[in-house]
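Here we start with a single chain on its own, the form predicted alone, put down as structure tokens.
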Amino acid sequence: MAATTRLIVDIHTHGYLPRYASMLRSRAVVPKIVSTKVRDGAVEERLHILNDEPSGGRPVGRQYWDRDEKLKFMDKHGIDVSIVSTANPWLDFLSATQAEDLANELNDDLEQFCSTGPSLANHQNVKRLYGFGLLPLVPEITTQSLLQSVEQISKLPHLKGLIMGTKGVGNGLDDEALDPVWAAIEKAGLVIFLHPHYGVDSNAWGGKDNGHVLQLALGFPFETTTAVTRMILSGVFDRYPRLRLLLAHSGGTLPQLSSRLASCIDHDPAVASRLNHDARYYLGKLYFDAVAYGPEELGFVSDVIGRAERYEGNKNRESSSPKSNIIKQAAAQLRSSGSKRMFFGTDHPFFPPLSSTEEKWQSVVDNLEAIDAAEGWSEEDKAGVRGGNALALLNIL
């Protein structure tokens, strides 16, 4: 196995660059960074990015914006390369003019953050840091402004794509107003990292104090599932078949619900004939991070990806449905092929240990051990998920 295929690449790692953090400090409403006195009289900064932020917000510090802290974290966990993206809520809360100006500035900042950082010791042509840029996706923004941002990102050599939330320009990602943007991104060969922020209606969580658990464990994945399903139903992936969309948190609940989705489509006259393919086919055209924390979950996601080609076409349901003997014969091969579209991630600097005495972050250890223990993946498959797949997708080597 070539040395480069053994590299560990973190495709899901965040930061609030200094310009962004400074802007959050200047705000009086969410999202914002506020200073709070703690028990010993010291001042601690806390991040509020959700309405009715539980637990008084999240403690933030240098690990959110300091490159040296990011590199220390990488070294502690044996991570060779990180693809850094601005964390939610991005620019959603700004005016069109503010969002456009800040997106341009932050994209340049991120390019400098990555390009002036170190290279790998044994691969001087490979930087340790690359990035996903930002588009000014807000209501009232012009299409021309969005296309200019796509062009800017495509010309910055250390930005390999862009991160976006689920709102689009206000009407979600199935909004036809985004078609020129999808076309430009597809043509530029950029990767879209789709990440949630809003979750679901907070009334679903009840009145008990459960911290951030329900919002993060359930709300975020449900948000991703809904957003991507709307894209599928609107035909985005039929119109732009080479669009490269990477889903956070292993695609939310979409893999588990994809057959139910296909059945609902087949039985609904409003959409039964709308798509070129069975809904399950489109999952094989997507990419998924491996931020799932368990080997069984990773194995299942790779199965769903791997089986997707069976569902090409949608005109004859009986002929496109797989037979049980075919499923059994090809299970191992499908799981292996599905792993090619999966990527290790940490979600740093979120999910830190509750105890400062822990040497490594349990969240990171869990994700690496899940890859290691995934049944049906060869050592080559596992090396791909740890890093090789990301290097290939992002054209880093």
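Residue numbers here begin at 1 and follow the sequence given. Treat the numbers as computed from the prediction; the structure is a model and nothing was measured.
Beyond what is shown, the protein has a form predicted together with another copy of the chain; the following relates to that form.
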Heavy atom within 4.5 Å of another copy of the chain in the predicted bound form, from candidates G117, G284, P295, P89, belongs to P295
Among L156, V126, L147, L261, just one has a heavy atom within 4.5 Å of another copy of the chain in the predicted bound form, namely L261
4.5 Å heavy atom contact, A121 to another copy of the chain in the predicted bound form: no
| query | With the cut-off set at 4.5 Å between non-hydrogen atoms, does D268 touch another copy of the chain in the predicted bound form? | reply | yes
Can you check whether R274 is within 4.5 Å of another copy of the chain in the predicted bound form, heavy atom basis? yes
query = Can any non-hydrogen atom of D109 be found within 4.5 angstroms of another copy of the chain in the predicted bound form?
reply = no
Any chance all of D201, T225 and V301 sit within 4.5 Å of another copy of the chain in the predicted bound form, going by non-hydrogen atoms?
yes
Testing 67 to 75, 225 to 233, 89 to 97, 156 to 164 against another copy of the chain in the predicted bound form with a 4.5 Å heavy atom criterion leaves exactly one stretch, namely 225 to 233
When another copy of the chain is considered in the predicted bound form, the residues of 213 to 230 having a heavy atom within 4.5 Å of it are V213, L214, L216, A217, L218, F220, P221, F222, T225, T226, T229, R230
